[in-house]
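Next up: a single chain in structure tokens, the form predicted alone.
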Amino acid sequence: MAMMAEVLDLRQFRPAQLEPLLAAEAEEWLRELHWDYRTSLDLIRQYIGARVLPGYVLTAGTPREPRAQGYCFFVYEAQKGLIGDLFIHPASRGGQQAEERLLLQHMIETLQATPGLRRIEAQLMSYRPAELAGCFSRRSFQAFRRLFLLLDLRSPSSSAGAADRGIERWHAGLAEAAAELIQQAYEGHIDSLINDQYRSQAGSMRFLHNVVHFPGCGDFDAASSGVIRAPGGGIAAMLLASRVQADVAHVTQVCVAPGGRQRGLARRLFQHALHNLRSRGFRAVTLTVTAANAPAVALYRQLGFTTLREFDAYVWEA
């Protein structure tokens, strides 16, 4: 780390001052995760330009002309804080993730000292478990191992899939029933410990709104997203997907109602979605899953997904 390194408030910076960082981050996401992160970075630029995004910048150089080496940001959601991003330019990285840990420490200290804050969540897919684990464990975070999986649609070993007339394509009118399904499906589930939005109807609606309308998980792809209706008219199972690169999709959500499990509904949704994506020229599909969710992991392995990397989700409760 440079002798004149200093941590400054992100809101002191203009987007142009961080442009080398943002460009390098986009390149890394594309190379490592098959993810075109530029749309998300455009939204980040807007918030930085408006000086409303809390976070920190690691700088070198002089106080009058600080040069950004890395940045991070977090957001507040009622009584919860979300660690949104952490990135150090490859040319500025030292050993043992010292630069990353310095910025992360500033974020955690700020969030834990925020009056009224009861919970902090973090999922930094770019970092492998061992790289940041100590920083989180020292601050009493609980860690949940997650897997980032990839399916090569061009591989002969991938599931061929088929169109399914029993699957209804996603449309806006499904949102309320879909939120009810999410809450039911994740009751008592390990993923509700990682993401507390799953615990309520209102939280599930916020989750759906973010997936469908914001680019954080890619551009929502209604054509490959669908639901299977329950006999009573509700939703028995659902799969949502987004486009994260011109020819790469990411499954953002798949869930089955408790009464619909062990009936192959998730497999049907996947086979339908994979058939749709392959027919439209997509070359790959990615998803994330909690390693302890054994039935889901087993299904994904059977469909041909392989592990691209492991990372941890972290949760702190006051």
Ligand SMILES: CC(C)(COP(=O)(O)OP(=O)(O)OC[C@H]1O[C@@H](n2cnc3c(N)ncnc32)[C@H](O)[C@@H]1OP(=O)(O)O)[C@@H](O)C(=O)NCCC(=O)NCCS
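For every residue, the number given is its place in the sequence shown, counted from 1. Since this is a predicted model, take the numbers as computed values, not measurements.
Same protein, other form: the form predicted together with this ligand, not shown, and the subject of what follows.
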Q. Just one stretch in 188-196, 218-226, 129-137, 106-114 has heavy atoms within 4.5 Å of this ligand in the predicted bound form, so which one is it?
A. 188-196
Q. Is it the case that Gln262, Leu265 and Gln302 all touch this ligand in the predicted bound form, with a non-hydrogen atom of each within 4.5 angstroms?
A. yes
(Q) Within 4.5 Å, heavy atoms only, which of Thr39, Ser279, Gln46, Asn293 is in contact with this ligand in the predicted bound form? (A) Asn293
Q.
Just to be sure I understand the contacts: of Leu58, Val285, Ala273, Cys255, which is the one whose heavy atoms reach within 4.5 angstroms of this ligand in the predicted bound form?
A. Cys255
Q.
Does any part of Val289 reach within 4.5 Å of this ligand in the predicted bound form? Heavy atoms only, please.
A. yes
